[in-house]
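Heads up, the chain shows up twice below as structure tokens, two forms, tagged structure 1 and structure 2.
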Structure 1
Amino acid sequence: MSLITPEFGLLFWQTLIFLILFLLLAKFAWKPILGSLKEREDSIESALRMADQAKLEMQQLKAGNEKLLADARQERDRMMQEATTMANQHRETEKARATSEANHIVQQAREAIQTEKNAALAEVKNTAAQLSLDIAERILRRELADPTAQTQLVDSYLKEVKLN
């Protein structure tokens, strides 16, 4: 049957034309098309890879920042701690110094008061003795104007005085 017996002429033309078509398409169609497709896919892939890398870098940067922040926070805490201790220490020493100073002043004041008191007391004693003497003298002057009274006084003194 003519349907299933290949015609020689058509076979010849088919071979010739198909090979020409193949060469034409291979050179002018498939090569640029496949090349461009590959190029585009490569560029997409590299863009994706770059995005991934950027993400990674971003993450690293973020992690670095966080570490820096944590370090700074720690440093601040440490500094504050230090400052507090130092301030406390300083206050303590200041307090101790002030206390000793105050004690010293009080001591000096006491001593001065004591000295003053002693001097005052001595002066009071002297003044009292002087006053007593003056009073005694004046009394005596008036009493002894009478000679009997003088004799009586001398006698009373003499009696008081024991001769031993």
Structure 2
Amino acid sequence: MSLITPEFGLLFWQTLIFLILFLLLAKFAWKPILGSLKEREDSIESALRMADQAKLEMQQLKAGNEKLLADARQERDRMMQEATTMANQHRETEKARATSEANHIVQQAREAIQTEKNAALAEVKNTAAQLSLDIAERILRRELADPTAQTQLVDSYLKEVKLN
């Protein structure tokens, strides 16, 4: 294998064409290519900044949502506490009212029982008195039917009155 060495003229023209091509590329191609690369780099940086900003906004929104959720939970707990307190107060009020009403009913029943008892006792006394009078009248009729018995009865009553 042998190496081929190019001639000077070929090297000259190749170098000249390379320099012309390089200058043409530098003047017309490199600037637009570098501009496009720079533009792409800027758009990527902008997109990254916007992504970071969106991420930050999402974190802020998430924190805001968590705060709203925590506030809603606190409000729910407060409302539940108020409802429980109101229910307890209502229950205690109703219990006190029912107790008061029951005591009033019991007191009325006691008064009614006492009134009935007094009426029954009065009726028993009246009946006993009436029976006593009836018995006494019958005894006196039998005793006083005989004139000698009447005289003896009057004498015994007079003796008792003098003794007392």
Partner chain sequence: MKHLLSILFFLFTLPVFAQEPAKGAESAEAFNPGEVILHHVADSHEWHWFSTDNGNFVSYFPIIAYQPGKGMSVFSSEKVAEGKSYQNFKLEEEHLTTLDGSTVYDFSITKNVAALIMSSLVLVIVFTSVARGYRRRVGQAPTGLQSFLEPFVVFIRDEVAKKSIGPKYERYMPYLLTVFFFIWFNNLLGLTPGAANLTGNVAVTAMLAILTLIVTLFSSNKAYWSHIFWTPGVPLWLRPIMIPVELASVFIKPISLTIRLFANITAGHIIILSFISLIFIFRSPWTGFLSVPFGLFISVLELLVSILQAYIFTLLTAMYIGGAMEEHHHDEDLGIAEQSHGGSDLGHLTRPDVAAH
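FYI, numbering is relative to structure 1, first residue = 1. As the structure is a prediction and not an experimental result, all values here were calculated from the model. Take the two forms, superpose them, and find the largest set of C-alpha atoms that agree within 1.5 Å; that set is the rigid core.
> Of structures 1 and 2, which one represents the form predicted together with its partner chain?
The chain shown first - structure 1 - is the form that fits the description.
> Relative to the superposed rigid core, does K27 relocate between structures 1 and 2 - that is, does its Cα move 2 Å or more?
K27: C-alpha displaced by 2 Å or more between structures 1 and 2.
> Rigid core superposed: how many angstrom does the CA of Q150 shift between structures 1 and 2?
Core-aligned C-alpha shift comes out at 4.7 Å.
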